Structure formats: structure tokens, C-alpha cells
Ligand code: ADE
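Below you'll find only one chain, the form predicted alone, shown as C-alpha cells.
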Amino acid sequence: MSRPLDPSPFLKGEQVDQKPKEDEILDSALRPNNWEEYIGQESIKQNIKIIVTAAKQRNQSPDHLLLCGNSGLGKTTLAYLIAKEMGKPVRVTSGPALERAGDLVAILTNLSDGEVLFLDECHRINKITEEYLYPAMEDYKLNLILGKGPMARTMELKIPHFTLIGATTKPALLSSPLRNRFGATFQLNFYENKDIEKIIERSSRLLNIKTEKDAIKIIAQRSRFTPRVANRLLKRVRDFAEVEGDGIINREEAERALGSLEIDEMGLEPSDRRIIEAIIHKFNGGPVGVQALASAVREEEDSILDINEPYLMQLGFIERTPRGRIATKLAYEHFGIKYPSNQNNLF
């Protein structure tokens, strides 16, 4: 049931719309402009194209969509491509930006018919505000309670038909009522190296960077299977090539630049190495809980869970057990440390 609401924001037509963190990080010049330029995630791309094409044929807005996956895998880009395919504008906000229910109401009442609303970090929207999304997503209306006590009155406010695209790195934190109101849910996965290489080639063309094939392979191998990381590393290697070389990124320049950035051949950064070394040396290979691990390496728990751990698990360097994180044999071998014979007993 909706809670009492200060009506002033939407009655005055004020708008709360803040750019999400993801849009600030990703260079818009490198964002794909059409489905052909969007590399990877082929199954998801095909399913979304069918949903959007069917909606266009019915002259309706597409169903609300939920995109899950680690940061930098292309959730924001998909939202922009869907809006472009529909020929509609896209409004961007995030869960933390919607501090009050009035913030959400202000956005919803200012949408145009068929517009796409991209809600990043939707798992972080507060519960009171979330309640106003339910009727908006299902019936395109807002059920408002104005005032308090005996003077309170209800008002039903119709809003334009829109498509909500939610993005989250933690789908488990979404409430069931919100998750069930999405017409389809897609899990974006880490990319294959061959797709990362294609992304780096495309970005090199857009940035007018001369990049040799061997250098592209090296950058791709250290990009953590993530397009955003690949683009970030490409720009940093370009800086080295321009300042200390002839501007052309070759194998030697790429290795020297990435070595200077302390990114090894597996894409491990200093924080990754600290985590693995702490598990091995301070906790005898594990198991160790994330709270103790975060304290040992002086990192935020959320940072370990969202950034480091997914990649380290993808590499097979750590495993999660009911008792905590354990360093695997692959991790020991990567750091040149003898794997203890009794470690298997901990799994």
C-alpha cells in the first residue's frame, strides 16, 4: 500500500534525473550505436531484438526488462540501444538517486509516451519508493495518498506508457514483488577474449589509435573479460605510447605500459594480489570470511564482492564454501607457492 506523499514535487513538475555512475565511467564515444556494433552477448541480444521488434509491430512499448551482471558488461549500452530501436528517448537515473518517493513520481509524471526509463542499481532503491513502482509498472498509474490523518485523501494519477529497464549487479537483493514485474530477465556474462579483441579493435579505430594485433591480444588478456576495462586499459596504453613512444601501440609498448600499471598477464591488479596473498599467507589458504578478509587487506567488503571476487572466481583462483573463501591450486601455482597437501580437506 502506498505511503503518504508530499505532492509538491510532481505538482510543480520538478524533475529528478541524475546520471548513473556507470554512464559517467563509460566513454560515450565508444558506446555502440546499433546492434551490429554491439559485440558479444549474442543470445541476450537476439532475445531483446525479438522483444523490441514484436513491440514495434504491435505499436506498443516493450515489456519492462531486468539486466543483471557485473559492472562494465554493457547494461547501460543495451538500454540505449533499445530506446534507439524504438525511436524513443531514454531517461537515466539510479536507485540511490531516488531518495524520496517524490523523486520517482517527478520522473514518472514527466515521461513521454513510450519513453525508456533506465534505472541503474535498482537493488538499492528504498522500499517506500519501490512501492510506487508496482502500479506504475503494471497499470501505468500512481496511487497517491495526499495529506495525513482525517484530512488524507487518495488520488489516482495516470502516467504515460513507458518501458522500465532495471540494471543490477546483485539480483538476489531485489525484492520478489519488484523482480516479478519485469517481463524478462537477462544475465550478462563475462566476455570471451575473442570478443574483447574485437571491442579493442573497434575502440582503436574510433580513437584513431594505431594498434598492432599482438598488442590487442595482450590488452584483451588483461581486461578481466570486461569491455569497460578493455577500453580503460587501451586508453592508458595509448598514453604511454604517445609520451614514451611513437604513438603506435605494439607488443613492447603494451607490456611496458601494463607492467607500469601493475597489471600482470592474468589481468590481476594490486588489490587482487593482496586478496589472494592474504588468503594464502594470513589465513593458511582459507577458509576465511569476507569481513575478516576485507579487514586484512584494508578494502571495503562491497569492493571485494563486486569487483575482485567475481573475476578471481572466473579465473578459478578462489572458491566460496559455506565456511568462507579458499585459495585454489591454480592461485598457488600462479604465485609460485607450493600447494599444501592437506588443502583438499578444506573443500
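Numbers for residues come from their place in the sequence shown, where the first is 1. For clarity, every value in this text was computed on a predicted model and none was experimentally measured.
The form predicted together with the named molecule is left out here; the points below concern that form.
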property: Contact residue in the model of the complex, chosen from 288, 51, 39, 315 - any heavy atom within 4.5 Å of the named molecule; result: 39
property: The unique member of 202, 232, 100, 210 whose heavy atoms fall within 4.5 Å of the named molecule in the model of the complex; result: 202
property: Exercise: residue 191 in contact with the named molecule in the model of the complex, heavy atom 4.5 Å; result: yes
property: Distance check, residue 310 to the named molecule in the model of the complex, heavy atom within 4.5 Å; result: no
property: Interface membership of residue 227, the named molecule in the model of the complex, 4.5 Å heavy atom rule; result: yes
property: The named molecule contact at residue 32 in the model of the complex, heavy atom, 4.5 Å; result: yes
property: Option from 249 to 257, 191 to 199, 210 to 218, 271 to 279 whose residues, in the model of the complex, bring a heavy atom within 4.5 Å of the named molecule; result: 191 to 199
